[in-house]
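The form predicted on its own is given below as one chain in structure tokens.
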């Protein structure tokens, strides 16, 4: 059975994501320390709350380096809501420096009619990806957030997977290699949310690991991106 590690840094809705992944056919382990990642086939970083406290908690638990090494090795990864925002360089919400895996920052939603953005909204795909197989191109998913990442640089079009309109368009899904990030909560998004999680679990099972890439990633971290320092203190 495909084994998925779900990172617990004290802010995620772990019960819902745990249950949803089990329904999707995965064996789930809650990861609170680096050793909990051993033997996992895929990694999920869920989350609610703000970036600086999340990074501080991850640093205290020794998980910042292992998560970055996991992604550097192109191992299957899913970031949900704050877990997607942490992939970028930083957040305007509290000035946090985040993982720096993807170029860009998390910004307050522009021209939003109301904040936070809570409820169902269409996720319009800008390109195909197997994690969305069997899901309508503009299917609605459930959101709870006020910030969203804004990819920057030459890679922005390539990593953008979907956008959503809340006053203005924001990026609601990204993908690069075996990495996927979604701003919405699939574990709270009914049948299509469960279908997306089931597709991720299936992809984890189908993506064979490259042992050399895993070893290189563990040793070096993501090429071309500096190690993101953890915040000095938790607000």
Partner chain sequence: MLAVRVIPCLDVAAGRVVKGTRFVDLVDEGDPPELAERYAAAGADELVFLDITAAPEGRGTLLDIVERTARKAFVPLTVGGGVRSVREMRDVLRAGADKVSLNTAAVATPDLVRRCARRFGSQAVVVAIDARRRSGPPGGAPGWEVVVKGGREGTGLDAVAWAARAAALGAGELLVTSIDRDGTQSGYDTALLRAIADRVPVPVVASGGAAGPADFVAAVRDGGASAVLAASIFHRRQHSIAAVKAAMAAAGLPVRPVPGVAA
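Keep in mind it's a predicted model, so treat the numbers as computed, not measured. Positions refer to the first chain, counted from 1.
Separately, the form predicted in complex with its partner chain exists; it is not shown, and the next lines address it.
Enquirer: Hey, in the predicted bound form, does residue 68 get a heavy atom within 4.5 angstroms of its partner chain?
Expert: Residue-level check for residue 68: no, no contact with its partner chain.
Enquirer: Since only the chain is shown here, I'm wondering whether residue 190 would be in contact with its partner chain in the predicted bound form (any heavy atom pair within 4.5 Å).
Expert: Yes, contact at 4.5 Å.
Enquirer: At 4.5 Å between heavy atoms, is residue 205 in contact with its partner chain in the predicted bound form?
Expert: Output for residue 205 is no: heavy atoms all beyond 4.5 Å of its partner chain.
Enquirer: Would you check, heavy atoms only and a 4.5 Å threshold, whether residue 116 touches its partner chain in the predicted bound form?
Expert: Flag for residue 116 set to yes.
Enquirer: So which of 97, 144, 135, 103 reaches within 4.5 angstroms of its partner chain in the predicted bound form, heavy atom to heavy atom?
Expert: So the residue touching its partner chain in the predicted bound form, by this definition, is 144.
Enquirer: Its partner chain isn't shown here, but in the predicted bound form which of 59, 175, 194, 37 has a heavy atom within 4.5 Å of it?
Expert: Of the listed residues, the single hit is 194.
Enquirer: Quick one: find which of 68-76, 154-162, 108-116, 84-92 has residues within 4.5 Å of its partner chain in the predicted bound form by heavy atom distance.
Expert: Answer to the contact question: 108-116.
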